[in-house]
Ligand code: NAD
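One chain comes next, on its own, written out as structure tokens in the form predicted on its own.
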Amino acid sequence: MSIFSLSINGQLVATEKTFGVVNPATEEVFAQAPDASRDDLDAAVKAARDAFPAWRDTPLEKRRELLGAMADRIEEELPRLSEILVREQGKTLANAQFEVGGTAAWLRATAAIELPTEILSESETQRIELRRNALGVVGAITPWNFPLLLSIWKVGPALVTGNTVVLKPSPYTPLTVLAFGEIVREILPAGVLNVVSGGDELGSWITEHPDIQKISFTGSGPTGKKVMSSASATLKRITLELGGNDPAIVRADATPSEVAGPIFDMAFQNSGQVCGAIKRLYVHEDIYESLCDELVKKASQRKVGEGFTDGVDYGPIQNRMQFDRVCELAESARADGARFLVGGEPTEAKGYFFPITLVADIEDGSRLVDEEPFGPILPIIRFGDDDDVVSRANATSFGLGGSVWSADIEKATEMASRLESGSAWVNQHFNLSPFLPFGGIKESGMGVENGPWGLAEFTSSQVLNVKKG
């Protein structure tokens, strides 16, 4: 059985305790991950703190060069990292390879983003600049759905802006990130990037640690609130990218056969385990049944199974707790009298497998509509009025993303602009880029990631006011 190590101060570090990592396709422990103690965390934070002054003062071009070298090593290790990712997360091998390759590409793109000093005023007697300075040690806490890619969303911006990092992956999927720490530790100066793994207790230690200046967290809303509360004791900067219950609105003038494919893909990517996936589908009553039929056709063409199996499109739900939640929401919808077009029952085979599930004739107020399932199940809700459906889409505590689908681009754009969400799309959904800001409003988070706006989240602003002569 494979045993992994922490990466602290450029060294691989074993721990007194370990915990098992479960393969969601088999429900069996296949590897042991290090369970970091408080002393291990203190060592990682001290290493990051000690490394910070020299890393902050390293020329930007040199930092960019080292991030590029990290991306090169990720690509060199793509087969190994992808295999680990399939086993611990459950996604298909093709999707794991896409995540690992995308991680390298995202890292290079992030390294190239500019965050220049702004000249606010200049005259013969005075020059005023707005500078962006590194904060210090960043605590990065990442989720289990895209463990490597979402780690880079934090590590890349933190490092390129001159911060040092203590990175904690989810205890459900720690191995790919631990392996990442192992392969890049010889590229960066000792202490610049430290990777520690453990349970929820470790996350609390990180958020309350007095020598960490910022927390960047991606995960559930309830945990995000705990992070915010804990970080408040030392007034840490925080970025929170939390859950979503994204609506997609399909107007009457949309063509079902044309929109069904992209809608289906954005609802069920990674088995629906995507923060910004389509999770509520509002369809105009005039085309409701037609679009339902088209979605059923798409479902019949897709296969759920073990990630290494040829021809499989979607893997299992990643963990037992999430699997049970999806099952519970399906039963709740059934009790509400909803019509299941496909799926709805977990498979009898071993593993956390739940079929692609489409649920029609369901209303706002149902748990499946109002709550975030984070799994392969999609409620499809009728509507008849554009203004009414926008109000219904906004009647939620979530505010991550949303989309409008229509042949009338102008009308769809106007409707999308009224969605209460951090991102809104027209005739597409969850179209992201390293150069575009992404974040939520309401209980979907605060702050943004990516682009110069995301880099700025890892800095403090300083007004430098110079009197000349």
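Start at 1 and count along the sequence shown; that's the residue number. In this text the structure is predicted, and so the values were computed from the model without any measurement.
This next part talks about the form predicted together with the ligand, which is not shown.
Comparing 72-80, 333-341, 221-229, 101-109 against the ligand in the predicted complex, the single stretch with non-hydrogen atoms within 4.5 angstroms of it is 221-229. Checking 374, 282, 264, 353 against the ligand in the predicted complex, a heavy atom within 4.5 Å turns up for just one residue: 374.
Between the ligand and the residues 164, 142, 176, 197, the one pair within 4.5 Å by heavy atoms in the predicted complex involves 142. Taking the partner from the other structure, the ligand in the predicted complex has a heavy atom within 4.5 Å of a heavy atom of residue 243. A residue is said to contact a partner when one of its heavy atoms sits within 4.5 Å of a partner heavy atom; residue 55 fails this definition for the ligand in the predicted complex, lying far away. Contact annotation for residue 268: none of its heavy atoms lies within 4.5 Å of the ligand in the predicted complex. Though the partner is left out of this view, residue 134 does not reach within 4.5 Å of the ligand in the predicted complex, counting heavy atoms only.
Contacts with the ligand in the predicted complex, taken as any heavy atom within 4.5 Å, map within 260-278 to 275 alone.
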